[in-house]
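Heads up, the chain below is alone and in the form predicted on its own; it's given as C-alpha cells.
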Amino acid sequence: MLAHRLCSIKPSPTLSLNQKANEMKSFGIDVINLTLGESDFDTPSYASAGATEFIRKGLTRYTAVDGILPLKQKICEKFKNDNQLTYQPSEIMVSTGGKQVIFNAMMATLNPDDEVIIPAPYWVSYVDIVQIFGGRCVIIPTSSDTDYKLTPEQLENAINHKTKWLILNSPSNPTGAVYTDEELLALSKVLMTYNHVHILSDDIYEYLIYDQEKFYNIVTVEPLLQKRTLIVNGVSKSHAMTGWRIGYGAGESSLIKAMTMLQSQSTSNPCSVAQGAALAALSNEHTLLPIWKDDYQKRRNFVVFEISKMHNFSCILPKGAFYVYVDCASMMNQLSLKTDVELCNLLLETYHVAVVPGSAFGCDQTFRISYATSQDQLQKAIDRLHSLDRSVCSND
C-alpha cells in the first residue's frame, strides 16, 4: 500500500528547478536562479562558534532522540519571550529540519482517508507528506483578492467528521502573506466548534515580517487551541542555517512522545554539532536580523515596484518571508501558453531566469520569485522579465 502511494510522489519541484539551473550554469550559461528559499546571508559567527565548541568538547556522540535538553529548554525560553507561550521540554522535539517535524506528525496521526485542509498556494511538500501516509488533502483555493489567505467561511465549509488537521503557514511560502491577529481570531472561532480538528502552525518565517507588521499564530490569539496545535519552527530562515538542518516542534506531550518514538526508528537524533550551533543561535540576541530584514525589504520593494510597471505580470505586496508571488495569466495568454510550467521553461531556457511555477504550489498561472539573493542578481532578472514583457507588447 505504501509502495503504491509512493508512486504518486514527485521530487520537490523547487529542488528540481534549482538543479536544472545549476546544470545550465555549469555549461557557462548566465542563469539567474530565483528558485530556492534560502538566505544569501552567512550563518552568524556565534552559531558557527557554538558548533565548534561542541566539536572541541567532544560532544559528537548520540544525543537524546528528540534533542539535547539545553536546546529544548532554550526553545521553551524562545516561546515564552517571543510568543508569550508556555511549553515544557517534554512538549518540544528537535528534528532534522522543520520538514521532518511535519513528516513525523503526519506519520504519527494519520489514518487512511483522514482529511488535511491545506490552503493553496501551499508549500510544495505538505501535499506529498500527507499522501505518503494515506491522508486525503482538501485543497482550499485562495486568491489575490484575499491576499491568498484562508477565510473563515472557506474553513467552515471544508471541515467534516474526517478532518484531522488544518495546516496554516504564516508568513507564507510561496506568497509572503501574513495573517493578522483579527484574521486568526476569526479562524479560531470556527476551530473552537470542532474539537476533533488539529492545527499545524508552520511558523518557519516568523521573524521575516516587514512594514512594522507583527507576528501572530493561532495559539497566541486563542490559547485554548494550544493543546490541539503543533507549532513548527527552526533556525533555517531566522539564522540563515538551512544546511545545518535543525527544526523543532512544540505540541501536546503525547503527540511529541509519539513523534519522538517514530524518529527513534528512522533518523534517530538530529546532528549533535548542528544542535550546538542552534543552541548558540537561540542563546544570542539576533542583532543581525534587523539588518537582514532591512535588506530584504528593500529587495522586495524593488521587485514589486518593477513588476508593477510591467503590462503582463502583476503581484500583491508580500508582508513577510522572501518571496514575490507573480500572476502571469496575461503573459500566458499573450504567448498562447497552456501552463505556467511552459512559461517558466521559457524564462529559464530563453531568458535564463529560474523561477518556480505556481502549479507546484497548487495555484496555476502564477510563479514564485525568491528575492533572497543579491540586488545585482535581482536587477539582471528584472531586466530580463522587462525584456520579455516589452517583446510581447511590441507584437500587439
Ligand code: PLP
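What you see is a predicted model; the values in this text were computed from it and never measured. Note that residue numbering begins at 1 and tracks the sequence as displayed.
What comes next is about the form predicted in complex with the named molecule, which does not appear here.
Of the candidates K149, K72, K99, K78, K99 is the one whose heavy atoms come within 4.5 Å of the named molecule in the predicted complex; the others do not. S236 is the sole member of S236, S188, T220, Q275 with a non-hydrogen atom lying within 4.5 angstroms of the named molecule in the predicted complex. Screening 177-185, 311-319, 119-127, 138-146 for residues having heavy atoms within 4.5 Å of the named molecule in the predicted complex returns a single hit, 119-127. Highlighted residues N169, D202 and Y205: every one comes within 4.5 Å of the named molecule in the predicted complex, counting any heavy atom. Using a 4.5 Å cutoff between non-hydrogen atoms, N104 does not count as a contact of the named molecule in the predicted complex. Within this chain, R245 lines the site of the named molecule in the predicted complex, having a heavy atom no more than 4.5 Å away.
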